[in-house]
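Single chain ahead, written as structure tokens, the form predicted on its own.
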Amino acid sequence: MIEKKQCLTDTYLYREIYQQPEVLHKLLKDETNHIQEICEQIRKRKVDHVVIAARGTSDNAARYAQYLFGAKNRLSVGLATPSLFTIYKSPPRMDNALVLGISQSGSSPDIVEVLVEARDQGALTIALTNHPRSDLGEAAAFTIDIKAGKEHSIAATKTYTSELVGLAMLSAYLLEDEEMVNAINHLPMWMDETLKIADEINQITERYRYMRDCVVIGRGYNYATAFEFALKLKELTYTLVAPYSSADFLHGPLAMLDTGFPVFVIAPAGMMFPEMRNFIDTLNEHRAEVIVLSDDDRLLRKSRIPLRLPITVPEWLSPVTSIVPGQMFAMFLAHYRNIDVDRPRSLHKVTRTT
């Protein structure tokens, strides 16, 4: 018996992808004053580094924070190793740190344990979550509600981009930088424009219906985007996907390339242009099938499959919009494979790790 194909527009995933402009608007409207107050406390404490605890999609938001707080706020950022807290019972010192827990559910015990220990050590703690009354929210001194509303689909979309914007707001208001704040306030409009390329992405996606493996490349701020795009492909389409920075890929993984091997390159305009241009040339020399996501014509002309971003966003905010085509590509590919996009196999919405 052939199963009836799912109507994609009726799925939670489809609707939640399209809710993202509204979610970002609500986050900016409701949390700006609160984030400004939190930033005042951070400045008073004169923290000199940041430790972030996160898992899964939220861990990819943490990767973005490493570049954001490093480049904009000149703060070193480390990702916590939760098993040191929960299994080895040997937590590192977090003197004078800002300890940030990121979790859409706020329910993972290992992330909560990092913040509890940080609080006991006297560190300043912040939870970034969609559930401020969760265990994580209760453990932190301050909680930022990312205002995404109920996310029904197992694959996180709107919670991821609202986490990114929450981090961007922290960075901008910590610096009291009006230009950064003004750019952030344009994000709902930029997100809305990005969603308009859905038909183009859908047309491209069918070509990869039988793709078994691929790599996704990003660098700088969009290193996080490569990991998040790869995660969406893994959990929604069951494809074997490896994310890399363009630099790391040249240190060994380059050997896996063969004629027609799919390589997705995320390369919005910015400081990484010369690096990504040279990298794409290398891919073409190895006859890979290069799919480029960019707003730069020079890079798009070098690709086998160009995927144009419809609007140019400041590089430091580009991960917020550049992940959207990845979300849609994974959704469309799963649909072509007749996979239930709301309920990928073996997964649950809330994952509790220790």
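Residue numbers run from 1 along the displayed sequence. Because the structure is predicted, anything quoted here is derived from the model rather than measured.
The same protein also exists as the form predicted in complex with a further copy of the same chain; that form is not shown, yet it is the one meant from here on.
For this session: Although a further copy of the same chain is absent from this view, report whether Glu31 comes within 4.5 Å of it in the predicted complex, heavy atoms only.
Result: Answer no; every heavy atom of Glu31 is more than 4.5 Å from a further copy of the same chain in the predicted complex.
Exercise. Gln36 near a further copy of the same chain in the predicted complex, any heavy atom under 4.5 Å?
Worked result: Output for Gln36 is no: heavy atoms all beyond 4.5 Å of a further copy of the same chain.
For this session: Check whether Arg304 has any heavy atom within 4.5 Å of a heavy atom of a further copy of the same chain in the predicted complex, and answer yes or no.
Result: Judged by the heavy-atom cut-off of 4.5 Å, Arg304 is well away from a further copy of the same chain in the predicted complex.
For this session: Spell out, yes or no, whether the shortest heavy atom distance between Asp135 and a further copy of the same chain in the predicted complex is within 4.5 Å.
Result: Residue-level check for Asp135: no, no contact with a further copy of the same chain.
Problem set entry | Among the candidates Glu206, Asp213, Asp199, Asp120, the residue which, in the predicted complex, approaches a further copy of the same chain to within 4.5 Å (heavy atoms) | Partner contact (heavy atom, 4.5 Å) among the options: Asp213.
For this session: Could you tell me which one of Ala71, Leu195, Met180, Val116 places a heavy atom within 4.5 Å of a further copy of the same chain in the predicted complex?
Result: Comparing distances to a further copy of the same chain in the predicted complex, the residue within 4.5 Å is Ala71.
Problem set entry | Contact stretch among 242-250, 184-192, 124-132, 170-178 - heavy atom within 4.5 Å of a further copy of the same chain in the predicted complex | Correct option: 242-250.
For this session: Taking a further copy of the same chain as it sits in the predicted complex, which residues of 260-286 have a non-hydrogen atom within 4.5 Å of it? Please list them.
Result: In sequence order, Phe261, Met271, Met272, Glu275, His286 come within 4.5 Å of the partner.
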